[in-house]
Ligand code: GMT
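Single chain ahead, written as structure tokens, the form predicted on its own.
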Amino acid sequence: MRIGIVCYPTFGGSGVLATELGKALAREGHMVHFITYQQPVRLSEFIPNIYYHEVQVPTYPLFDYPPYETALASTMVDVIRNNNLDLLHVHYAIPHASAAYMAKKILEKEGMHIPVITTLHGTDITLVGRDKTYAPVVAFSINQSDAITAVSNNLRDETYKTFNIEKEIEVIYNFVDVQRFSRKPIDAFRKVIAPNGERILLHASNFRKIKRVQDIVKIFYEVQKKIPAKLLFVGDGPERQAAEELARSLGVCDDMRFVGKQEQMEDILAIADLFLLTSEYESFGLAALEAMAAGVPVISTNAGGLKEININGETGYMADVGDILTMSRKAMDILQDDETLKGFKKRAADHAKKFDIANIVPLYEELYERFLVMEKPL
């Protein structure tokens, strides 16, 4: 198949999943064309059958804001024409689904039919999509897609609740490459972070307000009272400064490290003992799944789709949003002794195998194949 993938090229969950999906499809022999404004961060290696098309957005004095959606639609048309694509798979509704609809209509005038599959990832529905500025376009674009998928049952239900969706939304879970995350820890790396054998806690996100990163600091403060520990923050964003200020006020800043955005999460997760995710909402929680694939148990909120991946009492524990004391206590329960921690690590790794890339990618291939019987000329 010749597949166009449209996504954000950043560290966010939608961009990560779209890029990893494209790489997996290319390894299966499909021709994959990425269309976005810069090279995806996870597209750092050469893989045959992968092509990258950069969306150029000219600037003119007339435009206060460069018209990215128009440039994206035009680039889609150009790539589809010149590479005879079989379908477009767009990730995140705004502006990818609406731009795909525009491209599809342009090509129909030329006698070409291009099926569009839209995958919903979370904030395109729960945050951006609910904004009255965008809501009509989001709903229309979703309904005009030939197929719609969501990364969790929770997100599917939220989409139906938020919009008048006239088509079936299929759930195809996010996935993880279990083999990639099955790494042995680098002892020298661990000793640099925890020279006296302290437990290592980890949080990774984009540090937006919804992630509640100050709750991470508060949990660490409570845990450290009982158990010697270090905390790693991976990522960056608007709430980082507030987290640092809180850490200084609580006197735990010296036992924390902010390591910034990292592409090789598998090496960092390999040395971690516990992953913390305190979000107000997660449509799925890909960061938590990657942690479990690395054999790291998870303390999380029970918000959104997290209940579909973090099994309370088995792969970690969950608590209500903002319940610092419960999450701190449960973290200490996991970390209290090596045998207990070992059991949680094993169960987390075993559960992650259900979401292995080898199990999920064929579901997308089956979805694509439904449209291959459609003749491209009208």
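Residues carry their position along the shown sequence, with the first being 1. Every value quoted in this text rests on a predicted model; they were computed, and no experiment measured them.
FYI, the form predicted together with this ligand isn't displayed, but the following is about it.
Novice: Can you work out which of Ile210, Val137, Ile169, Leu107 has a heavy atom no more than 4.5 Å from this ligand in the predicted complex?
Specialist: The option sitting close enough to the partner is Ile210.
Novice: Work out which of His121, His89, His96, His203 lies within 4.5 Å of this ligand in the predicted complex, going by heavy atoms.
Specialist: The residue from His121, His89, His96, His203 that makes the contact is His121.
Novice: Does any heavy atom of Gly13 come within 4.5 Å of a heavy atom of this ligand in the predicted complex?
Specialist: Residue-level check for Gly13: yes, a contact with this ligand.
Novice: If you check in the predicted complex, is Thr149 within 4.5 Å of this ligand, heavy atoms only?
Specialist: Because no heavy atom of Thr149 falls inside 4.5 Å of this ligand in the predicted complex, the answer is no.
Novice: My question is simply whether Phe233 lines the interface with this ligand in the predicted complex - judged by any non-hydrogen atom within 4.5 Å.
Specialist: Contact with this ligand, no.
Novice: So in the predicted complex, does Asn174 come within 4.5 Å of this ligand, heavy atom to heavy atom?
Specialist: Yes - in the predicted complex, heavy atoms of Asn174 and this ligand come within 4.5 Å of each other.
Novice: Since the chain is shown here on its own, which stretch among 279-287, 139-147, 242-250, 216-224 would lie within 4.5 Å of this ligand in the predicted complex, judged by heavy atoms?
Specialist: Going by heavy atoms within 4.5 Å, the stretch is 279-287.
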